[in-house]
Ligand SMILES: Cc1cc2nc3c(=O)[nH]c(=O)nc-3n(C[C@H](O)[C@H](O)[C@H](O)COP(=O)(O)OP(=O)(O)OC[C@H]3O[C@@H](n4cnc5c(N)ncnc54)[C@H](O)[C@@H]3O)c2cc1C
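Quick heads-up: it's one chain on its own, the form predicted on its own, in structure tokens.
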């Protein structure tokens, strides 16, 4: 019989932090990972660069977590971005702060983050079992005693016993990295409610067929708003990228959860793009009049080159009904109004979100009402803890989600050690 103080299920950011911290505090700890190596999803985050956190102050940081910020206050109070940066620096991983407060390893390699975490866990005394899949929690007379594990290497099933179990299995995004929703099953087995999971930080598909012609076009400094049943719900400012199926980029990813929830309710959803957010209608109209007057004998497409990326010109002409070869001195006030309205309100009908397997993170998960926010222990089973994306926690892109994983993992590890001493 193999017995430990703490079993950690999952070798992602939350699991590694939980296991390393628990072992550092003296607990006999084992980390069980279903993949043949730990940190697979972490190693591809941020397009392989790993945006580990954000330098925003706590009050502004929490605003990026929808309604879950209050739950995370305890986790962030005990271990926040400055602590995480110092933690990695002390392990020999230098970091840099980039635009928008995003913090990356100086090497720009996510695998370096995984590597220092793995070495830290080993030095702290964590036993790591990879290529082993936890099949179920072992419950005896309503008491959690351990886990049943299938070893993929030797095709054998083993049982590991412990005083405390930490579930840090992630969500269901990027399932090829091992995030297949196992943690939800474990939570359900002891009576936890699961908030329905759906994609978050995910690209969107649009009805219009011209997007393939705009593929890879990147728009900067645009204002993007979500309209549900013709009512404005929310907006974001920044970058948007067209794909062959629709739209992506930082603004779209941040707005996608609102879109997904609206689509799930069978509502109609539009994305409106303000291509000239720095100009109000009057200032934009004044500029258009000036451009048209100064280019009277030139064609419409010539002034569009001063207003739009080249790929957008045919789309603008199609949607406004103004031919690109029409002379500027032939464009009347009605045409000018159509152009102004389109520039401020380029509208796209949203057909669907991309599959959850393509989402950066998962929205939904273990209901936070059933988790003690001060310890991250289950309110239904005192020696069961949860950390990371398996919880109903999700945030905007920008380093917020990884910080939540590291912070909840560390708090769970510390509190699990205390629990072992009871």
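Positions refer to the first chain, counted from 1. Computed from a predicted structure; not experimentally measured.
Only in words, not in the display: the form predicted in complex with this ligand, which the text now covers.
Stretch in contact, per heavy atom within 4.5 angstroms of this ligand in the predicted bound form, of 22-30, 367-375, 66-74, 42-50: Every other range fails; the passing one is 42-50.
This ligand contact in the predicted bound form: residue 168, any heavy atom under 4.5 Å: Residue 168: contacts this ligand in the predicted bound form.
is_contact(residue 164, this ligand) in the predicted bound form, heavy atom dist at most 4.5 Å: Looking in the predicted bound form, residue contacts with this ligand do not include residue 164, since no heavy atom lies within 4.5 Å.
Close approach of residue 120 to this ligand in the predicted bound form, 4.5 Å, heavy atom: Residue 120: no, not in contact with this ligand in the predicted bound form.
Residue 112: touches this ligand in the predicted bound form, heavy atom cutoff 4.5 angstroms: Residue 112: no, not in contact with this ligand in the predicted bound form.
Residues 134, 179 and 399 all lining this ligand in the predicted bound form, heavy atom within 4.5 Å: All of them do, each having a heavy atom within 4.5 Å of the partner.
Interface residues of 222-239 toward this ligand, as seen in the predicted bound form [heavy atoms, 4.5 Å]: Not one residue comes within 4.5 Å of the partner.
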